[in-house]
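Presented below, as structure tokens, is a lone chain in the form predicted on its own.
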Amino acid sequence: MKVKMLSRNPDHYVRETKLDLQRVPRNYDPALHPFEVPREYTRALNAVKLERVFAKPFLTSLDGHRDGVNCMAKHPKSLSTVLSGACDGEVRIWNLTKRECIRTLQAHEGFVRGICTDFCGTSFFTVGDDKTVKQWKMDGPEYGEEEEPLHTILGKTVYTGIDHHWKKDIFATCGQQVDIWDEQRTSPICSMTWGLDSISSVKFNPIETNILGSCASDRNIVLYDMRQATPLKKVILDMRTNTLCWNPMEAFIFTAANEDYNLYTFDMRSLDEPVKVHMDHVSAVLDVDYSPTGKEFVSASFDKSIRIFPIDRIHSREVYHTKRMQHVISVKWTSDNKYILCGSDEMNIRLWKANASEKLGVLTSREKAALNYNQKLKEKFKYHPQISRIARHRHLPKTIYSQIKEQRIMKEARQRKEMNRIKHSKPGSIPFVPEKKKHIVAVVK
């Protein structure tokens, strides 16, 4: 004989205090919820609309420079410390928590061309138009002491960029050639060059730390191996590359910011064609920086805007601009993956949220649950026309909007002309060239 008994645990339905919400039992049987999908669709639509309503990415502007901000560097140990160099030779150290400048020093005569910190965060290096490399203490001088560099190296030519090794007391500079320096020596350990033109940017790989990448004014991107002290290979593009940035999670991936309005993500094992071409800017791309997750990067452009690209997408997911912001020269993504810094022509550094609609501050457990639920709903219905249209829409300044429209017409005309040439020519006489390969001139090993 079977006896069925009801078993109830008071923990499942009794409130702990009077202020708690009443616990409602739910049966998740789909047969009892025939309108579940339409209800979820409405919730997803509301969630994506509210995301656009609360998208207010601009946080603050750090002003104090007396000339355009030419370069920036992040502190490797402190999230709240950022260094910036201006076109008048001034270097400032900022505290992002207090939103104020904590130290100012006159580092060079003329432009500060590059700035970087050492891997332990005790000092930083600057290069300028006065042909010098200077090492400075991260902490300010003691009371009564003068502001003086720890070391000064006088070079023969102007240095245009600098980057520090991620694990050793070694740094690299670029100008007429790429020089590798030891912090304790006044002459380079080795010098590497390939071609005669000046090199505008040099970057160490954060994972394979002996690999460097550089961009030259003769349209080359050159890869070097510090162990062999020789160039490995170079790729020649249609137009000049301004700078490059290595992916911090994938050792062989880097993204190059080009003068032809595009960004190119390359795999250094195969430079014959880029992995992805990222297009959306309407003027030269001047700087690029990866997020710490390696999933996205941010680019700064001469068209007075910054854009956030997922690494696997052609088009940007976000565009940031303000009325006052002029040509954006430098950009950095903070190490906690939450904020973006950009330095522009009109002497300001601006702080933005990496996720435009993210709520700052401490979230309650219910807020987190609602946020995660809305995120899942948006992912589930992201291909529905209404939801994808709202999520994709961004307001743009009139100049950028009209330039995008004009470039779209020009691109369509080029494609139409190409298709007509293929159509009216002998079959096979005009090969079809995919978009990825159009911008690559040659790869030299």
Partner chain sequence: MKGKVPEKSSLLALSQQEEVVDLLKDYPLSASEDEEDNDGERKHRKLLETIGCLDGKNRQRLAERSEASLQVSEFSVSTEGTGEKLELAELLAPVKPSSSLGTVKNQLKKVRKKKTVELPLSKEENERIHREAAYNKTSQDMDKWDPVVLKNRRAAQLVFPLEQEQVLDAPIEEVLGAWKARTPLEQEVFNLLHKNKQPLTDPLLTPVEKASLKAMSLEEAKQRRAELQKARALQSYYEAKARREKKIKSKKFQKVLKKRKAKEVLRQFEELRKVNPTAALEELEKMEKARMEERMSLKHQNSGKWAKSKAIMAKYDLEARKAMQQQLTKNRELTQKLQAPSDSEHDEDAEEDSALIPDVVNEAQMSINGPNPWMQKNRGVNTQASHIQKKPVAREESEPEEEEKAGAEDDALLQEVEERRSLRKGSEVNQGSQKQGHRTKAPRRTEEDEEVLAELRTLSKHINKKANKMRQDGEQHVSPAPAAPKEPSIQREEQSLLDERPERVQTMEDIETLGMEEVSQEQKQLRPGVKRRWQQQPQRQHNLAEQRSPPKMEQEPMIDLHTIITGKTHKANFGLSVPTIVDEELWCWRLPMAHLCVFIRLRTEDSEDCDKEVTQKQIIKEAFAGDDVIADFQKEKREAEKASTPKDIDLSLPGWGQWGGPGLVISARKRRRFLIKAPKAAPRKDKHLPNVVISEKRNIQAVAHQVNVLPFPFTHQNQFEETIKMPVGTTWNTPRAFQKLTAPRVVTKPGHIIEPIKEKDVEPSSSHLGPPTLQRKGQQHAHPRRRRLKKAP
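Residue numbers count along the first chain shown, from 1. Note that the structure is predicted; figures quoted are calculated from it, not measured.
One more form of this protein exists, namely the form predicted together with its partner chain; it is left out here, but the text below deals with it.
A.B. asks: Would you check, heavy atoms only and a 4.5 Å threshold, whether Thr97 touches its partner chain in the predicted bound form?
C.D. replies: Result no; Thr97 lies far from its partner chain in the predicted bound form.
A.B. asks: Considering only heavy atoms, tell me if Thr364 and its partner chain come within 4.5 Å of each other in the predicted bound form.
C.D. replies: Looking in the predicted bound form, residue contacts with its partner chain do not include Thr364, since no heavy atom lies within 4.5 Å.
A.B. asks: Indicate whether its partner chain has at least one heavy atom within 4.5 Å of a heavy atom of Arg26 in the predicted bound form.
C.D. replies: Yes.
A.B. asks: Is the gap between Val37 and its partner chain in the predicted bound form 4.5 Å or less for some heavy atom pair?
C.D. replies: It does: once its partner chain is placed as it appears in the predicted bound form, Val37 has a heavy atom within 4.5 Å of it.
A.B. asks: Could you check which residue among Gly89, Pro149, Gly175, Pro231 gets a heavy atom within 4.5 Å of its partner chain in the predicted bound form?
C.D. replies: In short, Pro231.
A.B. asks: Counting non-hydrogen atoms within 4.5 angstroms of its partner chain in the predicted bound form, say which of Asp197, Asp169, Glu250, Glu109 makes the cut.
C.D. replies: None of the other options qualify; the answer is Glu250.
A.B. asks: Quick one: find which of 337-345, 236-244, 324-332, 122-130 has residues within 4.5 Å of its partner chain in the predicted bound form by heavy atom distance.
C.D. replies: Of the options given, it is 337-345.
A.B. asks: Hey, with its partner chain in the predicted bound form, do Glu259, Ser283 and Leu351 all fall inside the 4.5 Å heavy atom range?
C.D. replies: None of them does, since no heavy atom lies within 4.5 Å of the partner.
A.B. asks: Which residues, if any, of 49-70 lie within 4.5 Å of its partner chain in the predicted bound form when only heavy atoms count?
C.D. replies: Sequence-ordered list is empty.
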